[in-house]
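A single chain comes next, written as structure tokens; it is the form predicted alone.
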Amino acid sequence: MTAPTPSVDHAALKSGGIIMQKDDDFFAIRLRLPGGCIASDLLPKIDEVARKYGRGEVRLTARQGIEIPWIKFGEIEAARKNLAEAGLALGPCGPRFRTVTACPGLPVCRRALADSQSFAHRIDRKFGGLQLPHKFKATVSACPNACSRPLENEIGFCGNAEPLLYADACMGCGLCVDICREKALVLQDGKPLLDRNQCVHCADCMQSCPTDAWKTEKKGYAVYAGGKNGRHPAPGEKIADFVDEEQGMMIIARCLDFYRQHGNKRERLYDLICRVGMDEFKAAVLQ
């Protein structure tokens, strides 16, 4: 006969990446993996812990993490220590700045315009785990394909680049016009003409041009704020364009200051923005 699980503060455990399962006798340990990356030589350690303290299985989370389920309460600390010795930390949960997600980015993805992994790790090192009124999620996507879903996070960064045509180098082949999925380009007098209202800054025209006639006029990240998923999903709103990493870090810091000062307990950033107005929010974070 097993001893009953002692009375525990489940909220405190959850904030440290230890999640109670449906069966009160068992917990899942959530690992902190910014950008969804892990060194392959650490996988055997996860396997070892899962076999020793759990049931030999792991789960991939919706936010690019790994969970080890079926760990008894009395073995949580031993499992955590075993992971920590290999450099594997537990991921923040509850009303905190959650582990940052990201797409592969440069130099892996051929469409990438930014090193999303490096930026995501930088954000996570600076802000990960900070206590806030409610959960706060951030992500970095390296291009407008938005694979990591920047519109569905409290703060989302999306790499972009604004093209500029050097007409003297253009031979008028029309390849960029054909390849533009946004129909933002037309040939006029033998040269491509860009409709900036249609352009999503994906850089397909620059990457396809055989003579390098398209150059980068501006490059950086579009910033989206106030997005969320869950029971009542809502897309974030673009609040800035072509920001660099330094500006992005500053926007996050100001956003968190605003959230801590004005957010109510268990109020998502989206609901706070709806309550105070987007104009007031932008005035605070884009000063």
Partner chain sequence: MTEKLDLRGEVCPYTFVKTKLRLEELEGGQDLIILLDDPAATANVSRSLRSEGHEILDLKALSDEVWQIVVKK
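Bear in mind the structure is a predicted one, so any value in this text is a computation, not a measurement. Residue numbers count along the first chain shown, from 1.
There is another form of the same protein, the form predicted together with its partner chain; it is not shown, and what comes next is about it.
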{"item": "Heavy atom of R110 within 4.5 Å of its partner chain in the predicted bound form", "value": "yes"}
{"item": "Q131 within 4.5 Å of its partner chain in the predicted bound form, heavy atoms", "value": "no"}
{"item": "Distance check, G174 to its partner chain in the predicted bound form, heavy atom within 4.5 Å", "value": "yes"}
{"item": "Touches its partner chain in the predicted bound form: Q198 (any heavy atom, 4.5 Å)", "value": "no"}
{"item": "Stretch in contact, per heavy atom within 4.5 angstroms of its partner chain in the predicted bound form, of 166-174, 81-89, 115-123, 148-156", "value": "166-174"}
{"item": "Residue (of A138, I71, A161, C209) lying close to its partner chain in the predicted bound form, criterion heavy atoms within 4.5 Å", "value": "C209"}
{"item": "Its partner chain: the contacting residue among D178, E77, E217, E182 in the predicted bound form [heavy atom, 4.5 Å]", "value": "D178"}
